[in-house]
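Just the one chain here, laid out as structure tokens, in the form predicted on its own.
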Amino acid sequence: MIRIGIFGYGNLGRGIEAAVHKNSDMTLAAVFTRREPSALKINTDGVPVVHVSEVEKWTDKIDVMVLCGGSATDLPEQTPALAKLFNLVDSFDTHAKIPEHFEKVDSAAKENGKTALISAGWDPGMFSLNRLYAACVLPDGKDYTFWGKGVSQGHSDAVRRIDGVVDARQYTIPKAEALEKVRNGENPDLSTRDKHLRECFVVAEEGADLKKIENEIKTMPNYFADYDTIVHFITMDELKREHSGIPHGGFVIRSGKTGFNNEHSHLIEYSLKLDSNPEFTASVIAAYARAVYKLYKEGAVGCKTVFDIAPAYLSGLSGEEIRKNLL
């Protein structure tokens, strides 16, 4: 049994707990929280809830730690620090900062003989793999990625970190005209702003400067600055009533040509429609936690991404079973 630790128990942490329950070769060893442990109710009986300050006492009781913090401020600090103590997986999703994050985690993991995997999920993650596969198959072509319509956990978390914000949901919405052009094989040149709209629903503190909050959202680098962004200020009751779900999804499309004279056109499309963004992300992470466990047992230390993991490492089936039933 692979002993899994959960570091942080929000939406993603609860999703990891459910994913562990679905995988017969995994067991939940402990949940680590910044809150008062006695006040946190989890869904698995008999599993200890521990304050994060006690995490170093668990190095010999956990095979893979899953980090469930946000990419804006949590993971840049937590992942390198915990890679010194545990094999781990995170879901760092600030695309522009992945190379920098990788270097820090790789150094920490190698120095301490640990195996770490960053940026697991569906994008980055499953979408990343499909971009790579499609580009290898159709080298003469163009990539397009569309997200949504759905709630982005990372972007919602980034908005919630702004002073004066009580809670928020951010929806990423593909622009229909851009998606249509791609599917028609027009191979358009699309800017970031051309492809998506971002829409935020924000609950602000009483008396907060709403114009300041709106400006801080719209100018936030790596999250909103490059997009057309709409900000709505609503009540907490409205947020709970109208925006309590966390759906998401999207499309990875590659349009390409083959033949000596480019006489044939091809379109590869991979799509996801997710009822629960965090639960699906957690399901992907659980599979990569299994891969990290296998790699560590083989002596492969340092930081990895989804590109480094052979598909068989994700599965709980044997090589023989995979070849017989899936190949």
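Being a predicted model, the structure only gives us computed values, none of them experimental. The numbering used is simple: start at 1 and walk along the sequence shown.
Missing here is the form predicted in complex with another copy of the chain; even so, the following discussion is about that form.
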| query | finding |
| --- | --- |
| All of Cys136, Asn262 and Ile322 with a heavy atom within 4.5 Å of another copy of the chain in the model of the complex | yes |
| Contact flag, Ile98 vs another copy of the chain in the model of the complex, heavy atom cut 4.5 Å | yes |
| Leu326 within 4.5 Å of another copy of the chain in the model of the complex, heavy atoms | yes |
| Exercise: Ser119 in contact with another copy of the chain in the model of the complex, heavy atom 4.5 Å | yes |
| Asp63: touches another copy of the chain in the model of the complex, heavy atom cutoff 4.5 angstroms | no |
| Contact residue in the model of the complex, from Lys257, Lys218, Lys149, Lys84 (heavy atom within 4.5 Å of another copy of the chain) | Lys257 |
| Heavy atom within 4.5 Å of another copy of the chain in the model of the complex - the one residue of Leu210, Met236, Leu132, Ala225 that qualifies | Leu132 |
| Partner-proximal stretch of 66 to 74, 53 to 61, 270 to 278, 30 to 38 relative to another copy of the chain in the model of the complex, 4.5 angstroms, heavy atom | 270 to 278 |
| Members of 302 to 320 lying within 4.5 angstroms of another copy of the chain, judged by heavy atom, in the model of the complex | Thr305, Val306, Phe307, Asp308, Ile309, Ala310, Pro311, Ala312, Leu314, Ser315 |
